[in-house]
Structures are given as C-alpha cells and as structure tokens.
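In the block that follows, a single chain appears as structure tokens, in the form predicted on its own.
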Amino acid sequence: MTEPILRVEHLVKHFREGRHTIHAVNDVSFEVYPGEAVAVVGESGSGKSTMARCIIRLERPTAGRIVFNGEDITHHSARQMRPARRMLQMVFQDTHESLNPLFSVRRILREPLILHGLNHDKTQILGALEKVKLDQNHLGRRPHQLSGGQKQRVGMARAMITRPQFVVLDEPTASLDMSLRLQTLNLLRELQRELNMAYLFISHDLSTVRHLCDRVLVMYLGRIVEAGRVEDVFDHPRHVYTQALLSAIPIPDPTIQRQRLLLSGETPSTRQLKPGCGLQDRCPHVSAECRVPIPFYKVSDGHVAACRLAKPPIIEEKL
C-alpha cells in the first residue's frame, strides 16, 4: 500500500494571550497520500489555518507529530527545514502580505529556485508563468501593478516552480470573482494531474471543495469532528455541525427550498474548552453523552464522525 506523504498525529497548538491560553488546534490526526486533494472546512476560528501553518512549520506545534515524506519534521529548525521546503509549499490567502511589494514577478519566481540550488534561467521562469496562464509581459511588474487574480496566480507559480510534492492552499480563491475562481480551480486540477501533487485545501467554500477535492476534514473548535470522502460526507453528513454547514450552501435554482439547520447561540471561546463535543451548547440533539469525550464512530468505509448520532444502533439478538 502507498505510504502517506503527510502524517499528522495528535497535533496540538496553543497560544498564550496574557493570562489565558488559546486552544487553537486540539488533538488533530490525519494522513494525506500522494496525488490526493484533501479539504479542511469549518467556520473562521476553527483552527484550519493555524493547523496548516504548523504543518509547514511556520508555527511551532505545542504537541503532537508531523511526518513528511517519512521524516519527522515536528521540531526541525528553519535550517533543518530548508531541504524539505522544496517539496512542501504553501499558497497564501493574502497575496498583499505574501508577495514582496519591492520585488518584480521575475525576482519573486527566481528566489525559490536560487534558494534550492535549482536552474533559474529565463526558460524555467517563463515555464512557470505559462502554467498559470500568464506571459512574459508580467515579468517586470511588481505586485501593485497586478490584479487580484494575477497576484494569486503569481503566488501559485512561486509555490509550484520547485515542483513540490505537497502544497497547502489557504483559501486560494476567496478574493476572486466567480469567473476567476473557476479558472483557478481548473488550473489547480491541471497542475495536480501534471505534477502528481498532493493538496491540503483550506476553504469556507463547500461548493469548491466538492469540485476539487477527494476527501474532506470538518473542523470545529480546533478538532476534526467528521472526515471522509467528499461525496460520503456531503451526501450523508452525520455530525450536526457538518449538517449545519452543508445546509447553508446556496442553491442556484430559486424554486428549490431547503431547510436550514440553524445552531443556537455563539461559537464558544477557545480559551477554555469543555470536555466532550464542542457543539454541546448549540446542538438541538444534545444529551448527557455529549458532555464526555466522544470517539469517532465509523459511518462507512473511510467515513467517521465524532457524534453520538453516528453511533451504530444496538441490535438485540432474538432468542
């Protein structure tokens, strides 16, 4: 069986805020295999981006283990991470922050090639631009001279230029209009097929996840609450939080009405997590069982949910 390119084991990330501790990521475990696209979905503050930054070691994990390509990188220094950086890249959501405003597109694309000792002639750089549907007229421009879609494509080209095996995509289409969003998604699919890359796709857009990804991880309060193949989770959600997320997806046909599942109250603070299900104070189906730690229950092959409603029924044998 193929070995996973990424293995995350019991990942925890806490931040200190004065006298308080922010529990951003709490005991997260999953695997990503070569050539696979795995989505991470959940509302803002659920821990998606923090988890991603820990994986690529822009943040130091509080606890847990991160194994990339068979190598434990959990405690690697910046210098130790350098060889892995060629194969482990990220496309950031905010291109204003991630692209140096003083660099031309040519220099932005050349920097990672020089850093990793790769061929950095004009042919390599033009090839990277061509892959993201930009031409050599963009080489001399700086980020402020590019549109939002062009900046996002430059960010993608920079991430892909070292031909990585694994790329984290943090809301790569969030700032794009619908036509550019579709173009970007099609481009990501083409690059994935051509380079056999694995993606970790962070997104709020569940329609995009269905279009691009193979599996999905649903996060709430820093925990994975449901996981499985996209079609299984989307068509048969078992955790109440997943059901609420999916019920909010807009339907293009205005004649079709869908019942929204609205959760009561507000998302709890991550300063102090209660034992048991994180949704216990908002869920209409809460019971005493939800107040204690809940294991993952198997819904189907590869589909699990940490919700008592996913527990298989007890079948009484007849005498």
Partner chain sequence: MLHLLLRHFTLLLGSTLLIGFIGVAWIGPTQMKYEPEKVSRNTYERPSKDYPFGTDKFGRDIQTRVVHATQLDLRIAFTVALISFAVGSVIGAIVGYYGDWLDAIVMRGVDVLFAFPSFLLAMVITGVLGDSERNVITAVTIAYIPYFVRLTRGQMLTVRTLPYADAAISIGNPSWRVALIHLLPNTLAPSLVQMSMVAGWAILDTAGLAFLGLGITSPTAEWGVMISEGAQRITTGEWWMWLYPGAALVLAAFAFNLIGDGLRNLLQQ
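Positions refer to the first chain, counted from 1. The model shown is predicted, which means the values in this text are computed figures rather than measured ones.
This next part talks about the form predicted in complex with its partner chain, which is not shown.
Contact with its partner chain in the model of the complex, judged by any heavy atom within 4.5 Å, is made by just one of 197, 88, 221, 154: 88. The partner is absent here, but in the model of the complex a heavy atom of 116, alone among 116, 236, 138, 76, sits within 4.5 Å of its partner chain. Under a 4.5 angstroms non-hydrogen atom cutoff, its partner chain in the model of the complex has residue 111 among its neighbouring residues.
Put simply, residue 67 is far from its partner chain in the model of the complex: not one heavy atom of it is within 4.5 Å.
Heavy atoms of residue 101 reach within 4.5 Å of its partner chain in the model of the complex, making it an interface residue.
Its partner chain is not drawn, but in the model of the complex it has no heavy atom within 4.5 Å of residue 121. With the partner left out here, its partner chain still marks one of 92 to 100, 121 to 129, 146 to 154, 68 to 76 in the model of the complex; by a 4.5 Å heavy atom cut-off that stretch is 92 to 100. The candidate spot formed by 56, 82 and 158 lies fully in contact with its partner chain in the model of the complex, as each residue has a heavy atom within 4.5 Å of it.
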